[in-house]
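Quick heads-up: it's one chain on its own, the form predicted on its own, in C-alpha coordinates.
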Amino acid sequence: MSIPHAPWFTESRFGMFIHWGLYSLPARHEWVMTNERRQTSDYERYADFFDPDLYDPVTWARAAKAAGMKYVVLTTKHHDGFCLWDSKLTDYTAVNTPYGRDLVRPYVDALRAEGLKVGFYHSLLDWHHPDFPIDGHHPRRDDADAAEQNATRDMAVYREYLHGQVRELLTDYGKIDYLFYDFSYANDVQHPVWGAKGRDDWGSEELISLTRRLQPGIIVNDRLDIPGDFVTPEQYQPSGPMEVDGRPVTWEACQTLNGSWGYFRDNHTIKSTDLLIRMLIDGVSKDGNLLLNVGPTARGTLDGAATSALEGIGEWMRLHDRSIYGAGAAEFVPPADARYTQRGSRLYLHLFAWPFEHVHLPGLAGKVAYAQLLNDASEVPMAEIAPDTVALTTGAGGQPAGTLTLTLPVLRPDVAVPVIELFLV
(Lines give C-alpha, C1' and ligand atoms only; values in the text may rest on other atoms or scores of the structure.)
Protein backbone atom coordinates (compact mmCIF):
# COMPACT_ATOMS: atom_id res chain seq x y z
CA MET A 1 0.00 0.00 0.00
CA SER A 2 1.56 3.28 -1.08
CA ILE A 3 1.13 6.87 0.09
CA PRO A 4 -0.79 8.65 -2.70
CA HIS A 5 1.21 11.87 -2.59
CA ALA A 6 4.55 10.11 -2.05
CA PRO A 7 4.75 6.77 -3.91
CA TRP A 8 8.55 6.95 -3.59
CA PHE A 9 8.30 5.71 0.00
CA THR A 10 7.09 2.16 -0.68
CA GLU A 11 9.16 2.01 -3.86
CA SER A 12 12.27 2.69 -1.74
CA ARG A 13 11.61 0.14 1.02
CA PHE A 14 14.92 0.85 2.80
CA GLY A 15 16.22 3.89 4.65
CA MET A 16 18.82 4.97 7.20
CA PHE A 17 18.00 6.39 10.64
CA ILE A 18 20.71 8.51 12.29
CA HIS A 19 20.61 9.24 16.03
CA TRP A 20 23.27 11.79 16.86
CA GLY A 21 23.65 14.44 19.52
CA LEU A 22 25.26 15.24 22.86
CA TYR A 23 24.48 11.70 24.07
CA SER A 24 27.23 10.47 21.73
CA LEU A 25 29.76 11.87 24.22
CA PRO A 26 28.78 9.76 27.27
CA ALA A 27 28.23 6.96 24.72
CA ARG A 28 25.85 4.94 26.85
CA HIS A 29 22.37 5.25 25.31
CA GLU A 30 20.50 8.25 23.92
CA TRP A 31 18.30 8.31 27.05
CA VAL A 32 21.34 8.72 29.32
CA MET A 33 20.04 12.05 30.65
CA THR A 34 16.93 10.46 32.10
CA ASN A 35 18.32 6.98 32.75
CA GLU A 36 20.88 8.53 35.09
CA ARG A 37 18.52 11.25 36.46
CA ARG A 38 20.97 13.93 35.36
CA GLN A 39 20.49 17.54 36.37
CA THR A 40 20.12 19.87 33.39
CA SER A 41 23.17 21.87 34.42
CA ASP A 42 25.24 18.70 34.67
CA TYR A 43 24.13 17.34 31.30
CA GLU A 44 24.61 20.71 29.59
CA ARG A 45 28.36 20.50 30.12
CA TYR A 46 28.58 18.01 27.23
CA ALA A 47 27.90 20.96 24.93
CA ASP A 48 31.20 22.44 26.12
CA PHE A 49 33.05 19.45 24.67
CA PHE A 50 30.98 18.65 21.57
CA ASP A 51 33.37 19.04 18.63
CA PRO A 52 32.68 16.52 15.84
CA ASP A 53 35.78 17.40 13.87
CA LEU A 54 35.44 14.33 11.62
CA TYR A 55 31.81 15.02 10.69
CA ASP A 56 31.43 14.41 6.97
CA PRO A 57 27.81 13.96 5.92
CA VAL A 58 28.94 13.19 2.37
CA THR A 59 30.50 9.99 3.74
CA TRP A 60 27.25 9.20 5.56
CA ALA A 61 25.18 9.78 2.43
CA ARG A 62 27.46 7.66 0.26
CA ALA A 63 27.46 4.85 2.84
CA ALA A 64 23.65 4.88 2.87
CA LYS A 65 23.46 4.88 -0.92
CA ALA A 66 26.01 2.07 -1.24
CA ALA A 67 23.95 -0.01 1.20
CA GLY A 68 20.92 0.36 -1.06
CA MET A 69 19.11 2.89 1.11
CA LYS A 70 16.99 5.51 -0.65
CA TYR A 71 16.30 7.98 2.17
CA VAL A 72 17.91 9.14 5.41
CA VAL A 73 16.37 10.50 8.63
CA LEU A 74 18.47 12.57 11.08
CA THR A 75 17.64 13.53 14.67
CA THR A 76 17.46 17.32 14.51
CA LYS A 77 16.62 17.31 18.23
CA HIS A 78 16.24 14.37 20.59
CA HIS A 79 14.55 14.27 23.99
CA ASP A 80 17.51 15.97 25.66
CA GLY A 81 16.57 19.18 23.82
CA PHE A 82 19.93 19.78 22.11
CA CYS A 83 19.53 21.12 18.56
CA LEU A 84 21.81 20.22 15.66
CA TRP A 85 20.77 23.33 13.72
CA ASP A 86 21.10 27.05 14.38
CA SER A 87 17.73 27.55 16.06
CA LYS A 88 16.85 31.14 16.82
CA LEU A 89 14.62 30.03 19.70
CA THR A 90 17.35 28.67 21.99
CA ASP A 91 21.09 28.87 22.59
CA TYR A 92 21.23 25.11 23.19
CA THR A 93 22.50 24.31 19.71
CA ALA A 94 25.51 22.98 17.83
CA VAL A 95 26.44 26.55 16.92
CA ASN A 96 27.21 27.24 20.58
CA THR A 97 29.69 24.38 20.99
CA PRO A 98 33.37 24.14 20.09
CA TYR A 99 32.27 22.94 16.65
CA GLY A 100 30.39 26.19 16.19
CA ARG A 101 28.38 25.41 13.06
CA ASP A 102 24.98 24.22 11.85
CA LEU A 103 25.12 20.44 11.36
CA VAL A 104 21.83 20.08 9.51
CA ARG A 105 22.54 22.15 6.41
CA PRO A 106 25.54 20.11 5.20
CA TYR A 107 23.54 16.94 5.90
CA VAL A 108 20.69 18.13 3.68
CA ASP A 109 23.10 19.19 0.94
CA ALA A 110 24.94 15.85 1.04
CA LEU A 111 21.75 13.83 0.69
CA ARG A 112 20.50 15.88 -2.22
CA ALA A 113 23.86 15.52 -3.98
CA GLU A 114 23.55 11.71 -3.76
CA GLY A 115 19.91 11.66 -4.91
CA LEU A 116 18.58 10.55 -1.52
CA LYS A 117 15.32 11.69 0.05
CA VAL A 118 15.79 14.07 3.01
CA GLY A 119 14.26 13.17 6.35
CA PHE A 120 14.17 14.87 9.75
CA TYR A 121 13.42 13.35 13.14
CA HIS A 122 12.15 15.81 15.73
CA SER A 123 11.42 15.06 19.38
CA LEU A 124 8.16 16.26 20.86
CA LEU A 125 9.73 15.87 24.31
CA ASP A 126 12.34 18.28 25.61
CA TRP A 127 13.91 17.58 28.98
CA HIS A 128 16.02 20.72 28.74
CA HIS A 129 13.24 23.27 28.22
CA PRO A 130 12.21 24.98 31.49
CA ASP A 131 8.49 24.88 30.59
CA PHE A 132 8.29 21.22 29.62
CA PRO A 133 6.35 19.64 32.51
CA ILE A 134 8.02 16.87 34.48
CA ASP A 135 6.44 13.45 33.93
CA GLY A 136 7.31 9.78 34.35
CA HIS A 137 9.93 9.90 31.57
CA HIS A 138 11.60 13.13 32.74
CA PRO A 139 15.04 13.12 34.44
CA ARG A 140 13.55 14.98 37.43
CA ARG A 141 10.69 12.52 37.93
CA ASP A 142 12.00 11.31 41.29
CA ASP A 143 12.58 14.75 42.80
CA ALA A 144 10.65 15.25 46.02
CA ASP A 145 9.55 18.67 44.80
CA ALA A 146 8.58 17.62 41.26
CA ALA A 147 5.03 18.87 41.75
CA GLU A 148 6.33 22.24 42.94
CA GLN A 149 8.63 22.47 39.94
CA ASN A 150 5.70 21.74 37.63
CA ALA A 151 3.71 24.59 39.15
CA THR A 152 6.05 27.02 37.39
CA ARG A 153 6.08 25.18 34.05
CA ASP A 154 3.67 26.12 31.26
CA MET A 155 2.97 23.58 28.52
CA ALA A 156 1.45 26.31 26.34
CA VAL A 157 4.78 28.13 26.32
CA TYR A 158 6.61 24.95 25.41
CA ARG A 159 4.06 24.12 22.72
CA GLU A 160 4.71 27.49 21.04
CA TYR A 161 8.45 26.72 21.16
CA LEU A 162 7.89 23.26 19.64
CA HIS A 163 5.85 24.64 16.76
CA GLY A 164 8.35 27.45 16.23
CA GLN A 165 11.25 25.04 15.87
CA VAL A 166 9.34 22.89 13.40
CA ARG A 167 8.63 26.06 11.41
CA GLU A 168 12.38 26.78 11.30
CA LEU A 169 13.28 23.30 10.12
CA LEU A 170 10.62 23.20 7.42
CA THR A 171 11.34 26.72 6.17
CA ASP A 172 15.12 27.06 6.13
CA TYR A 173 16.35 23.92 4.34
CA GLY A 174 14.40 23.66 1.11
CA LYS A 175 12.34 20.60 0.26
CA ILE A 176 12.05 18.07 3.10
CA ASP A 177 10.58 14.70 2.17
CA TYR A 178 9.96 13.01 5.52
CA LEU A 179 9.31 13.99 9.15
CA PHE A 180 9.45 11.52 12.03
CA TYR A 181 7.84 13.01 15.17
CA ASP A 182 8.69 11.21 18.41
CA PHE A 183 6.61 10.54 20.50
CA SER A 184 3.17 10.57 22.18
CA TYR A 185 2.55 8.43 25.25
CA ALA A 186 -0.80 9.51 26.71
CA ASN A 187 -2.44 6.25 25.62
CA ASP A 188 0.48 3.86 26.01
CA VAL A 189 -1.08 0.98 27.95
CA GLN A 190 2.08 -1.15 27.70
CA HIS A 191 4.35 1.49 29.27
CA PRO A 192 2.11 3.82 31.30
CA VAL A 193 3.76 6.78 33.03
CA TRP A 194 2.36 9.59 35.11
CA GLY A 195 1.92 12.96 33.46
CA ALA A 196 1.91 11.30 30.02
CA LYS A 197 1.48 13.60 27.04
CA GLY A 198 -0.48 13.33 23.79
CA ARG A 199 -2.23 15.23 21.02
CA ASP A 200 -3.64 18.05 23.15
CA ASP A 201 -0.28 18.73 24.76
CA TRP A 202 1.54 18.96 21.43
CA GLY A 203 -1.28 20.73 19.59
CA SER A 204 -1.01 17.88 17.11
CA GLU A 205 -3.74 18.94 14.71
CA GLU A 206 -2.23 22.41 14.38
CA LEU A 207 1.27 20.99 14.17
CA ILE A 208 0.51 18.58 11.34
CA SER A 209 -1.37 21.35 9.50
CA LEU A 210 1.70 23.56 9.84
CA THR A 211 3.91 20.71 8.63
CA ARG A 212 1.86 20.07 5.52
CA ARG A 213 1.40 23.76 4.75
CA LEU A 214 5.14 24.40 4.82
CA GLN A 215 6.05 21.15 3.01
CA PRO A 216 3.06 19.99 0.92
CA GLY A 217 4.74 16.82 -0.36
CA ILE A 218 6.12 15.64 2.98
CA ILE A 219 5.23 12.33 4.65
CA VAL A 220 4.62 12.29 8.41
CA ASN A 221 4.57 9.34 10.81
CA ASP A 222 1.91 8.36 13.33
CA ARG A 223 3.46 9.50 16.63
CA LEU A 224 1.55 12.76 17.10
CA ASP A 225 -1.30 10.73 18.62
CA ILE A 226 -3.30 11.33 15.45
CA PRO A 227 -3.21 9.36 12.18
CA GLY A 228 -0.23 9.92 9.93
CA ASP A 229 0.86 8.68 6.52
CA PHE A 230 2.43 5.50 7.91
CA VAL A 231 2.74 3.56 11.16
CA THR A 232 6.00 2.88 12.94
CA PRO A 233 6.59 -0.46 14.69
CA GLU A 234 9.79 -0.15 16.70
CA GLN A 235 12.27 -2.87 17.62
CA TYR A 236 10.06 -5.77 16.53
CA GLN A 237 9.07 -7.45 13.28
CA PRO A 238 5.32 -7.44 12.57
CA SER A 239 3.82 -10.89 12.04
CA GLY A 240 2.15 -9.85 8.80
CA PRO A 241 0.95 -6.85 6.78
CA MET A 242 -0.22 -4.23 9.27
CA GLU A 243 -3.78 -2.99 9.70
CA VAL A 244 -5.51 -0.24 11.65
CA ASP A 245 -9.22 -0.74 12.34
CA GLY A 246 -9.24 -3.61 9.88
CA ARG A 247 -7.74 -1.61 7.02
CA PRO A 248 -4.24 -2.16 5.56
CA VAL A 249 -1.79 0.64 6.29
CA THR A 250 1.63 1.70 5.07
CA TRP A 251 4.25 0.85 7.67
CA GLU A 252 7.94 1.13 8.41
CA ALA A 253 9.82 -0.80 11.08
CA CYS A 254 12.61 1.17 12.76
CA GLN A 255 15.39 -1.06 14.04
CA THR A 256 18.77 -0.68 15.71
CA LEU A 257 22.04 -2.49 15.20
CA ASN A 258 22.50 -3.20 18.91
CA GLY A 259 19.38 -2.14 20.85
CA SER A 260 20.54 1.45 21.34
CA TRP A 261 19.75 4.31 18.98
CA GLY A 262 22.58 6.61 20.00
CA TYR A 263 26.25 5.60 20.00
CA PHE A 264 26.82 3.08 22.82
CA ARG A 265 30.51 2.25 23.05
CA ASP A 266 30.21 -0.80 25.33
CA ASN A 267 27.09 -2.41 23.84
CA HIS A 268 28.23 -5.34 21.73
CA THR A 269 24.92 -7.14 21.16
CA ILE A 270 25.22 -6.39 17.47
CA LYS A 271 22.92 -8.02 14.93
CA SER A 272 24.70 -9.96 12.22
CA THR A 273 24.57 -8.69 8.67
CA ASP A 274 22.70 -11.84 7.62
CA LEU A 275 20.04 -11.16 10.26
CA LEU A 276 19.63 -7.55 9.14
CA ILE A 277 19.16 -8.67 5.53
CA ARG A 278 16.57 -11.23 6.62
CA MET A 279 14.77 -8.50 8.58
CA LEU A 280 14.66 -6.30 5.48
CA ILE A 281 13.30 -9.16 3.38
CA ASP A 282 10.79 -10.18 6.04
CA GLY A 283 9.43 -6.63 6.23
CA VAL A 284 9.07 -6.24 2.47
CA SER A 285 7.33 -9.64 2.30
CA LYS A 286 4.72 -8.10 4.63
CA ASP A 287 4.41 -4.83 2.68
CA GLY A 288 6.69 -2.85 4.99
CA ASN A 289 9.81 -0.69 4.92
CA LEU A 290 12.93 -0.92 7.08
CA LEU A 291 14.50 2.17 8.66
CA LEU A 292 17.84 0.90 9.97
CA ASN A 293 19.59 3.04 12.57
CA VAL A 294 23.22 4.02 12.99
CA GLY A 295 24.56 6.08 15.90
CA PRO A 296 27.65 8.08 14.90
CA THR A 297 30.42 8.76 17.40
CA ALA A 298 30.92 12.14 19.04
CA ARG A 299 33.61 12.89 16.44
CA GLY A 300 31.04 12.36 13.70
CA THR A 301 32.14 9.01 12.30
CA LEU A 302 30.27 5.75 11.78
CA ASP A 303 31.83 3.06 13.95
CA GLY A 304 33.17 -0.22 12.65
CA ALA A 305 30.02 -2.21 13.42
CA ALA A 306 27.86 0.20 11.44
CA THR A 307 30.29 0.40 8.54
CA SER A 308 30.61 -3.38 8.35
CA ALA A 309 26.84 -3.89 8.43
CA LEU A 310 26.20 -1.29 5.75
CA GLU A 311 28.88 -2.72 3.48
CA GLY A 312 27.53 -6.25 3.92
CA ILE A 313 23.95 -5.23 3.19
CA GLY A 314 25.14 -3.25 0.18
CA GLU A 315 26.96 -6.27 -1.22
CA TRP A 316 23.74 -8.30 -1.05
CA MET A 317 21.56 -5.46 -2.37
CA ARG A 318 23.80 -4.95 -5.40
CA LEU A 319 22.76 -8.37 -6.69
CA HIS A 320 19.24 -8.62 -5.26
CA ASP A 321 17.73 -5.14 -5.00
CA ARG A 322 15.02 -5.81 -7.55
CA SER A 323 13.48 -8.25 -5.08
CA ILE A 324 13.20 -5.31 -2.64
CA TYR A 325 12.53 -2.01 -4.45
CA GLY A 326 8.86 -1.60 -5.22
CA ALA A 327 8.16 -5.17 -4.12
CA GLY A 328 5.64 -6.24 -1.50
CA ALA A 329 3.59 -9.11 -0.20
CA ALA A 330 2.67 -11.96 -2.56
CA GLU A 331 -0.58 -13.91 -2.73
CA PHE A 332 1.26 -17.23 -2.54
CA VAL A 333 2.34 -19.10 0.61
CA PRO A 334 6.10 -19.71 0.72
CA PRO A 335 7.69 -22.97 1.87
CA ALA A 336 9.23 -23.23 5.34
CA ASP A 337 12.24 -21.00 6.08
CA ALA A 338 11.53 -18.76 3.10
CA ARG A 339 9.83 -15.46 2.20
CA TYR A 340 8.17 -14.30 -1.00
CA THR A 341 8.22 -10.76 -2.30
CA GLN A 342 6.50 -9.79 -5.52
CA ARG A 343 6.75 -6.94 -7.98
CA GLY A 344 4.36 -7.18 -10.89
CA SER A 345 4.89 -10.45 -12.74
CA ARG A 346 8.13 -11.25 -10.89
CA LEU A 347 7.95 -13.40 -7.77
CA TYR A 348 11.03 -13.66 -5.56
CA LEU A 349 11.71 -16.65 -3.34
CA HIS A 350 14.17 -15.77 -0.56
CA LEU A 351 15.61 -18.93 0.97
CA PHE A 352 16.59 -18.35 4.61
CA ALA A 353 17.72 -22.00 4.74
CA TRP A 354 19.24 -23.84 1.78
CA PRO A 355 17.48 -27.17 1.13
CA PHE A 356 19.08 -30.19 -0.46
CA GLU A 357 18.30 -30.35 -4.17
CA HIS A 358 14.55 -29.64 -4.15
CA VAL A 359 12.21 -26.92 -2.98
CA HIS A 360 8.46 -27.39 -3.42
CA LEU A 361 6.23 -24.38 -4.11
CA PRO A 362 2.52 -24.95 -3.46
CA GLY A 363 0.06 -23.33 -5.84
CA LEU A 364 2.60 -22.37 -8.50
CA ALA A 365 2.32 -25.26 -10.96
CA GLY A 366 1.52 -23.88 -14.39
CA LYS A 367 2.05 -20.30 -13.23
CA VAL A 368 5.81 -19.89 -13.77
CA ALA A 369 7.41 -19.46 -17.20
CA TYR A 370 11.03 -19.44 -16.04
CA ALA A 371 13.12 -19.58 -12.87
CA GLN A 372 16.65 -18.40 -12.15
CA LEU A 373 19.00 -17.62 -9.31
CA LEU A 374 18.99 -13.86 -8.99
CA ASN A 375 22.65 -13.47 -8.02
CA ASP A 376 23.96 -14.80 -11.35
CA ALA A 377 20.85 -15.31 -13.54
CA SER A 378 21.57 -19.05 -13.85
CA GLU A 379 18.58 -21.22 -14.72
CA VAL A 380 16.82 -23.25 -12.05
CA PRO A 381 15.08 -26.32 -13.51
CA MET A 382 11.36 -26.71 -12.82
CA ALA A 383 9.06 -29.73 -12.76
CA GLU A 384 5.66 -30.90 -11.60
CA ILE A 385 5.73 -34.27 -9.86
CA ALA A 386 2.33 -35.94 -10.15
CA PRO A 387 0.68 -36.69 -6.80
CA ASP A 388 0.50 -40.43 -7.54
CA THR A 389 4.23 -40.74 -8.27
CA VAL A 390 5.75 -43.38 -6.01
CA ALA A 391 8.97 -42.47 -4.23
CA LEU A 392 11.76 -44.76 -5.42
CA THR A 393 15.28 -45.47 -4.29
CA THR A 394 16.60 -42.67 -6.46
CA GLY A 395 13.51 -40.59 -7.19
CA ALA A 396 11.33 -38.22 -5.19
CA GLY A 397 7.69 -39.05 -4.59
CA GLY A 398 4.64 -37.12 -5.71
CA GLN A 399 3.66 -33.69 -4.44
CA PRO A 400 0.19 -32.27 -3.85
CA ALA A 401 -1.62 -31.10 -6.94
CA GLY A 402 -0.62 -27.61 -8.01
CA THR A 403 2.89 -27.84 -6.59
CA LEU A 404 5.90 -26.64 -8.59
CA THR A 405 9.22 -28.29 -7.74
CA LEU A 406 12.54 -26.51 -8.30
CA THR A 407 15.84 -28.39 -8.53
CA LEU A 408 18.60 -26.45 -6.78
CA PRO A 409 22.37 -26.84 -7.02
CA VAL A 410 23.92 -28.65 -4.10
CA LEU A 411 26.39 -25.80 -3.59
CA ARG A 412 24.64 -22.88 -1.94
CA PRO A 413 25.28 -19.53 -3.67
CA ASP A 414 27.85 -17.47 -1.79
CA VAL A 415 25.43 -14.71 -0.76
CA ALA A 416 23.81 -13.88 2.57
CA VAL A 417 20.33 -14.94 1.41
CA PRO A 418 19.92 -16.74 -1.93
CA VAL A 419 17.00 -15.52 -4.06
CA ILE A 420 15.22 -17.31 -6.89
CA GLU A 421 13.46 -15.09 -9.40
CA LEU A 422 10.28 -16.60 -10.80
CA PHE A 423 8.78 -15.16 -14.00
CA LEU A 424 5.04 -15.57 -13.64
CA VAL A 425 2.93 -16.47 -16.66
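Everything quoted here is computed from the prediction, not taken from an experiment. Note that residue numbering begins at 1 and tracks the sequence as displayed.
This protein has a second form, the form predicted in complex with alpha-D-glucopyranose (GLC), left out of what is shown; the following refers to that one.
Asker: If the criterion is a non-hydrogen atom within 4.5 angstroms, does every one of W31, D182 and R223 touch alpha-D-glucopyranose (GLC) in the model of the complex?
Answerer: Every listed residue reaches alpha-D-glucopyranose (GLC) in the model of the complex, so yes.
Asker: Which one, 161 to 169, 328 to 336, 350 to 358, 253 to 261, holds residues whose non-hydrogen atoms are within 4.5 Å of alpha-D-glucopyranose (GLC) in the model of the complex?
Answerer: Single hit among the candidates: 253 to 261.
Asker: Since only the chain is shown here, I'm wondering whether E234 would be in contact with alpha-D-glucopyranose (GLC) in the model of the complex (any heavy atom pair within 4.5 Å).
Answerer: Within the cut-off, so yes.
Asker: Although alpha-D-glucopyranose (GLC) is absent from this view, report whether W316 comes within 4.5 Å of it in the model of the complex, heavy atoms only.
Answerer: Contact check for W316: no, nothing within 4.5 Å of alpha-D-glucopyranose (GLC) in the model of the complex.
Asker: Are any of the heavy atoms in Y92 no more than 4.5 Å from a heavy atom of alpha-D-glucopyranose (GLC) in the model of the complex?
Answerer: Output for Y92 is no: heavy atoms all beyond 4.5 Å of alpha-D-glucopyranose (GLC).
Asker: Applying a 4.5 Å heavy atom distance criterion, does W20 contact alpha-D-glucopyranose (GLC) in the model of the complex?
Answerer: No, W20 is distant from the partner.
Asker: With alpha-D-glucopyranose (GLC) left out of view, which of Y71, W85, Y173, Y121 would have a heavy atom within 4.5 Å of it in the model of the complex?
Answerer: Spelling it out, the residue with a heavy atom inside the cut-off is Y121.
Asker: What are the residues of 56 to 81, in order along the chain, with a heavy atom within 4.5 Å of alpha-D-glucopyranose (GLC) in the model of the complex?
Answerer: Heavy-atom contacts within 4.5 Å come from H78, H79.
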